[in-house]
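Heads up, what comes next is one protein chain in two forms, each shown on its own as structure tokens, labelled structure 1 and structure 2.
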Structure 1
Amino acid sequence: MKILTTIKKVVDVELNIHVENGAIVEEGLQYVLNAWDENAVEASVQFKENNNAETTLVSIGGGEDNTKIIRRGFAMGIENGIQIDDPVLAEADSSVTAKVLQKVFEAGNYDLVISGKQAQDTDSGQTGIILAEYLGLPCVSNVIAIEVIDDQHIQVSRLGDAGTEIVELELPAVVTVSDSINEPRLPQMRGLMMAKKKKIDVMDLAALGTSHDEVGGATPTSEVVEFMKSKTRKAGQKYEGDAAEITAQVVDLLANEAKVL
């Protein structure tokens, strides 16, 4: 079985993020592997360990930070790495990203794509699902467990609105994973050393056999025109002291000041 794992470099959400003149201030930002993609990598590596799957990751993006997240994937146990590095993709939306991933998939003859359910920078949750549509493949999103049935079938559990949905998927297929699916392993020192020596297969769109136009890059379906500060809540009043006293006081305020009780 051949698995393709999609990974993205995202801004570290734990840091302060400032907006100026409609754009995010780059200074002081740091980039990390998208948390949900870490779950995707872990799920893929478990496939390698338990089912002898061959694992490949793909990341669209450039720069040192992108190399770092790919190496992290290697250090966690992924065997092969593809990087699509093309400056024209800097502003790619989900649909363009999915078209590029489609080309990668078609060049590799994979049985399963495992994506994070969401990227922490866009918080969009679309790319894997759109990729499946473009490929005409079955897809289940928000997956919390995967089991292999046989060479052609897997069974996945999905967190849905009414409960956990158990779905049998015919391969090839695409799944997007929730953070509830596993606890990603920390890369070991030895893994990190080996990961440094591994070759990354770096390609631009031409090398991938496509072009900016073909992936819809010139006509994105939507574009972010401006970033704005989000409304932040103001910290209210904190009450400290005798538990019974302050609690009674706050209940009174909830009822008579905020009028929500």
Structure 2
Amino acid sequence: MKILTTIKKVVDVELNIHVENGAIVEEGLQYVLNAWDENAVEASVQFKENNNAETTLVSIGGGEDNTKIIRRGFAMGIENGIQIDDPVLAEADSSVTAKVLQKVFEAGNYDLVISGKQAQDTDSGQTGIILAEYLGLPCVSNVIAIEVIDDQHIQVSRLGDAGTEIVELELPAVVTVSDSINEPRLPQMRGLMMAKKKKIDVMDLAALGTSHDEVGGATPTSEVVEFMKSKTRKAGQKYEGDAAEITAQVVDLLANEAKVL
């Protein structure tokens, strides 16, 4: 079984992100592997360990940050890495990204695509599902467990609106995983050292056999119009003293200020 795992670099949301004039201030930003994609990597590595699967990950974008997240996947146990480095993809939306991934999938003849269900920067949760549509393959999203039935079928559990849903899929297929599916392993020192020596297949759109126009880059289906600062909550009020006095103050505020009584 050949598994393709999609990963993305995202802004480290643990940092303070500043917005000015409708755009994110790039200075001082740090990038990390998207959290849901890290779960996808772990799921793929478990496939490799338990079912002798061949694992490949793909990241779209150039630069050292993208290289680092690919090498983190290597350190976790992924065997092969592809980096699509083409400057025309800098503003690629979910549809364009899915078109590029379609080309990667078709070139590699994979059996299963595993991706994180969303990215922690845009939170759109669309790329994996659009990819399945372009490929004409079955897709299950928000997956929390994957079980191999045989060489041609897997069974997945997903979190649905009314509880856990169990679905059998014929391969090839696409699944997008929830962060509840596993606990990603921490790469060991030996894995980190070995990851530095592994080859990454770097290619642009031409090397992939496509073009900016063919993947829809000239006519994107969506765009980011503006970034806005989130509204800050007012500081709460703290009351100390006798319980009866505090209760009277709170009731007065609820009745006369909040007007909920």
Partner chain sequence: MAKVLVIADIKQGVLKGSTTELLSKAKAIGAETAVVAIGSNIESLIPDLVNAGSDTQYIADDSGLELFSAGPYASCVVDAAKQFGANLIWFGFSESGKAVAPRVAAQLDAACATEITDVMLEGDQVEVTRPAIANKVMQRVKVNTEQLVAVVRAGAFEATEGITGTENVVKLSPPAPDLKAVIKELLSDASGEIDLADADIVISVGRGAKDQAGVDLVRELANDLDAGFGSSRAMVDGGFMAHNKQVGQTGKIVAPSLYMAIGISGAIQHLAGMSGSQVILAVNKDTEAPIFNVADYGIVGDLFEVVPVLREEIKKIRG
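Residue indices: 1-based, along structure 1. We call the rigid core the largest set of C-alpha positions that still match within 1.5 Å between the two forms. All values reported here derive from a predicted model rather than from experimental measurement.
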{"item": "Between structure 1 and structure 2, the form predicted in complex with the partner chain", "value": "1"}
{"item": "Large Cα move at I24 between structures 1 and 2, threshold 2 Å, rigid core", "value": "no"}
{"item": "Residue shift check between structures 1 and 2, rigid core fit, A243 Cα at least 2 Å", "value": "yes"}
{"item": "Core-superposed C-alpha of V11 shifting 2 Å or more between structures 1 and 2", "value": "no"}
{"item": "Distance the CA of L253 travels between structures 1 and 2 [rigid core superposed, Å]", "value": "5.3"}
